[in-house]
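Only one chain is included here, represented as structure tokens and corresponding to the form predicted alone.
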């Protein structure tokens, strides 16, 4: 479709006609980051007809919309969201759950708009665009391999900050809902790992993006297609199954530690690494202390432990040049048991390199000590044990030791040899967990609080 076709629906008039519907629908979406704050305005960034809406069948309109909200998350410019709107005269009963509403005026007056990814016909069309690389208005589609046609789509219902579709149990497409300027790490890092020959991460098969191009700017990633690891189970489910059956998980944890180390080693070889000098270390500690202060203000239960937690952060400044604190590289950024998949033959893969979606993209793409990922996984073992009634803390401790031992065997560097840094990152993660659980799942608050008490009382060892 030509650029002219993509603008045929008068985008200047399109957004105002959709605003009443978006005001109601957007805040209810699980991937909307601005929950709890009023929406004060919308700005259209781009509008592209992936399938013209003036045909006999459904249409598909791709929108990038900036949403204004008060508060630091929205910022002066507001967050940008990717919407894929289906357009029909009437919705069939099977799509009633995807309904957004009927447009009262403007270029789509009288038509029903709905979540386009829920429509198998429109989801198949998006795959067809990925199979045919090239520009489409402001969008660009690219692929690294030939993609077969006729793969039936289905939407994954898992709770996540994006939308994912599986095509024929062969590929999975992640559609990034909150769009940042620049390459998303979930495309950037797996591409780099594929070039490095690392088989622990599914290599991107296709993707689409916007921006950059001839203007010299960096493109913004909108979606990534990767192989679907059929038959694999995530580490969280496997750990809970082990707990339910009363068996150990140390063998799996050891192998997962090796897989993590292989990913870190490949990333260090494929992308730049940096030495963390004292200014960078001080900046790291300042950020941890700042997050602690904010969390303690919001969750008073943290207050008695603040001195001990602050000591854990301040100890990072005493690290020597032999510590892992002096090496930083690209890392996963949000590693836990749910981000690791184990195949039926026992091989671990690591997925979802987006990092923590709430953090700015520039921060997620910054080089960091690899022990940050290790600390995230150690906290995940604690959560697994705490989620099963009757599980003893020693179960998690054995998993933690096995994981670190596997990491050390594969990398030559034992995370436990940098105890101050590992403790600081685990503490920072636990502080985040306390704030999250207090706001969203109060019944789970005792889990991170147990870690807070342990970490605040330590003086030397994680």
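Positions refer to the first chain, counted from 1. Note that the structure is predicted; figures quoted are calculated from it, not measured. The term rigid core refers to the most C-alpha atoms you can superpose between the two forms while keeping them within 1.5 Å.
There is another form of this protein, the form predicted together with a small molecule, and it is not shown here; the text below is about that form.
The partner is absent here; in the predicted complex, the one residue of 339, 82, 368, 118 having a heavy atom within 4.5 Å of the small molecule is 339. 357 is the sole member of 182, 107, 357, 190 with a non-hydrogen atom within 4.5 Å of the small molecule in the predicted complex. Stretch-level contact analysis of 398 to 406, 429 to 437, 34 to 42, 62 to 70 against the small molecule in the predicted complex, using heavy atoms and a 4.5 Å limit, identifies 429 to 437.
Taking the partner from elsewhere, residue 25 is found to have every heavy atom lying beyond 4.5 Å of the small molecule in the predicted complex. Proximity of residue 383 to the small molecule in the predicted complex: non-hydrogen atoms within 4.5 Å are present. Residue contact with the small molecule in the predicted complex: residue 252 places no heavy atom within 4.5 Å of it.
Interface residue remark: residue 209 is not counted as part of the site for the small molecule in the predicted complex, having no heavy atom within 4.5 Å. The candidate site formed by 327, 348 and 414 is entirely out of contact with the small molecule in the predicted complex, as no residue has a non-hydrogen atom within 4.5 angstroms of it. A displacement of less than 2 angstroms separates the C-alpha positions of residue 22 between the shown form and the other one, with the rigid core held in common. The Cα position of residue 49 differs by less than 2 Å between the shown form and the other one after fitting on the rigid core.
The two forms, fitted on the rigid core, differ between the shown form and the other one by 2 Å or more at the CA of residue 435.
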